[in-house]
Structures are given as structure tokens and as C-alpha cells.
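In C-alpha cells, the next block holds one chain alone, the form predicted on its own.
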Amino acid sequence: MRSAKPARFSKLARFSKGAAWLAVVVLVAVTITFALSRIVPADPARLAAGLEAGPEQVERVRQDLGLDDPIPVQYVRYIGGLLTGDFGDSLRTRGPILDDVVESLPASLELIAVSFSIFAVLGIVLGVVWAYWPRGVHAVLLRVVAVAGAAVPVFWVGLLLQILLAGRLGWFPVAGNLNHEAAGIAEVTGAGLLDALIARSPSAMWEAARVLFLPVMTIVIHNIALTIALMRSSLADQLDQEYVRAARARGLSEWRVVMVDALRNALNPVVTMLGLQLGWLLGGVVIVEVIFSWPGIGLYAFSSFQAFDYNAIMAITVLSTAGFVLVNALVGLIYPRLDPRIQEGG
């Protein structure tokens, strides 16, 4: 009983330290983005008032937006708004940015969740196959996939899939998300596939899968290469360790030796890399969403950059940074589950 209390306090201290670092990283990102938005030569007041507005109208808009206040005052006001969940109003949509984010986020989360699940699971499986059977036709094919997938730009993959599978063959829609009204289902979550599952409509599920296929495959092809290569390298290194030879000598089953002992130790660097990939996906789906006109947070960010909607740009930066740091914090919590020897405070 005496040792449980210090351990509990130790975990609480580590959690508090991690939360503090999360807050610091987000604050630094907010500060840098805020400073850049005030340094660039574009005038947000002019953009908000319209190109045909006169000087008096522009000045009135500047006062309404608080842009005539000193920079420190604007910064403190913006931080105070963030603490209450207020990201301000969009200069482009004229509505609260939080409402725009809530509307756009489900489509992006759907795209990220499906893509990440596929390339994480498939990449680990193929990496295990390559490490255990390092020679053969499959090894050559996996090597080609690993090299080509890492070398080819994501926009080229997306455009090629559009031209071949959508344009030439007509198997999939070129762009866009599921049309809930045309599919005959209600828009509950904003994620097409999930809404189709909720409605239990096979036809809507099929249509949702069709519109998801091309953007998902673009992300999978671009990200799976690194997963396969790292999984193969990590597991091959573990299979050459002394404890594996000792386990085989003791008569343990090959499945237990490879799929439990060796694989568990080999997953640590792979989980690290997958955490980084997931973090980058949270803010890096812009290109894919633009190519396929996917109505998610990436397309919203692209439109905001085009219009220099600095409030929206800052909000997306804050959310992306927070998501990236949070994902990496969760990866740190997974480590002790994979290898009990790893201590969070070590």
C-alpha cells in the first residue's frame, strides 16, 4: 500500500509534465503563426472589405476586426479567445471558424482513419512477410513497392489514379464526397461511410466506399512504403538476436517466437514512425483533399490560404499542432505496453 501512493503521484507528475509541454508547444505555434500573419504584406482588412471598398470602408472594417489595436493587445485578445474555444470569425465565410471546422473535420477524420488503418495494418503484415521470407519474387515486389512508394510524390499518385481509374476506366468518381441526399440517408456525423453504416444501407455503403477509394489509395500508396521497409528491417534485426535462437532451442513454437516475442520488440520503432505519420496526416491531407475536392479540413485550409483568411489559418495551425503533439504523447503511452522494460520517465 505504501508503494502504490508514490507510484500514483509519479504517474500524475508525468502526466502533468506532458500536458505542460503540450501547452508550451501549442503556445509557441500560436505565437509564431500570429507574428507571421501580422508581418506579411497582405491587408486582412482590405480583403475582408472587398477590393472595391474605399479607404473609409476599409478603415471601418479594420476597427471592427480590432486590427487597429496594438499588436500585443491583439495577441492577448486572441489567446483569451482560444482559451474559451473562440477562434474568431472567418473573413471568407463570414461565420465562426469553429463552426466551419466542425463541419469540415468529419470528412477529414474519415479519410485519415480509413487510410491510416489500411497502411498501418497492411504495412506491418507485409513487413513481417518480407522479414521472415527475405528471398523470392514477393521480396522483389515488396522492395519495388518500398522504393517507388517513398520516391513518388503524393500529388502525382493522386493524379495518376484519377486519370487511369476514374477518367479512363470510369470505375470510381473523379472527386467529391458522398451525396447523402442522393444516397437516401441522413447526414448524422458528416462522415459518409459512418453515416451509411448507421443507416444500414448497403447501396450507400458501396457508394461511400467508391468515393473513398481513390483518395484513400493515394494516401496508402504514399505512406505504406516506409511502414513496410521499417517493419522488415526491425523484425529482421530481432530475428537475428540471441534470445530468438535461445527460444527456438528451448522448443518454443515458431509462431510464439516470431509473432509474439520478436514482433513485440520490433514494433517499437514502427509505432514511433506510425505516430509521426498519423500526426502529419492530421495537418497534411491538404494536397489529397484539393486533388479530389474532398470537403475536409485540408480543402478548407487551402481555400483559407488563397483568401489570406488569417483567422482560419491560425485556427488550423493550432488544431494541427495540438493533434500532432497529442498523437505523439499517446505513442509514448503505448511503449510500456509493448516493452515493459521501457519506463515513461526514462
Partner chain sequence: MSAADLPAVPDALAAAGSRRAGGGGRGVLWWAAATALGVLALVAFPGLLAPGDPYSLEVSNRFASPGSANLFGTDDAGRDILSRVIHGARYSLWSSILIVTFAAVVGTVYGALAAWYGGILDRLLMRTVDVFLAFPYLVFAMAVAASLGRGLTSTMVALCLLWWPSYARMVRGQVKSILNDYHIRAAVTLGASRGQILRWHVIPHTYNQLLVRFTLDIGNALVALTGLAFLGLGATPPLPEWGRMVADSKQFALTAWWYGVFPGVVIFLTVLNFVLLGEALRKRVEL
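Positions refer to the first chain, counted from 1. Note that the structure is predicted; figures quoted are calculated from it, not measured.
Note that the form predicted in complex with its partner chain isn't included here; everything after this is about it.
Enquirer: Is it the case in the predicted complex that 33, 159 and 167 each bring at least one heavy atom within 4.5 Å of its partner chain?
Expert: So, yes: the whole triplet contacts its partner chain.
Enquirer: Check whether residue 143 has any heavy atom within 4.5 Å of a heavy atom of its partner chain in the predicted complex, and answer yes or no.
Expert: Residue 143: contacts its partner chain in the predicted complex.
Enquirer: Please determine whether residue 155 contacts its partner chain in the predicted complex, using a 4.5 Å cut-off between heavy atoms.
Expert: It does: once its partner chain is placed as it appears in the predicted complex, residue 155 has a heavy atom within 4.5 Å of it.
Enquirer: Looking at the partner-bound form in the predicted complex, is residue 283 within 4.5 Å of its partner chain by any heavy atom?
Expert: Residue 283 belongs to the contact set for its partner chain.
Enquirer: Residue-level question: is residue 321 within 4.5 Å of its partner chain in the predicted complex, judged on heavy atoms?
Expert: Although its partner chain is absent here, residue 321 would touch it in the predicted complex, with heavy atoms inside 4.5 Å.
Enquirer: With the partner removed from view, which of 144-152, 209-217, 87-95, 67-75 is the stretch that lies within 4.5 Å of its partner chain in the predicted complex, judged by heavy atom distances?
Expert: Answer to the contact question: 144-152.
Enquirer: Can you work out which of 117, 179, 272, 203 has a heavy atom no more than 4.5 Å from its partner chain in the predicted complex?
Expert: Looking at the other structure, the residue within range turns out to be 272.
Enquirer: If you check 221, 230, 193, 82 against its partner chain in the predicted complex, which one has a heavy atom within 4.5 Å?
Expert: Contact check passes for 230.
Enquirer: Between 286-310 and its partner chain in the predicted complex, list the residues on our side with a heavy atom within 4.5 Å.
Expert: Heavy-atom contacts within 4.5 Å come from 286, 287, 290, 291, 302, 305, 306, 308.
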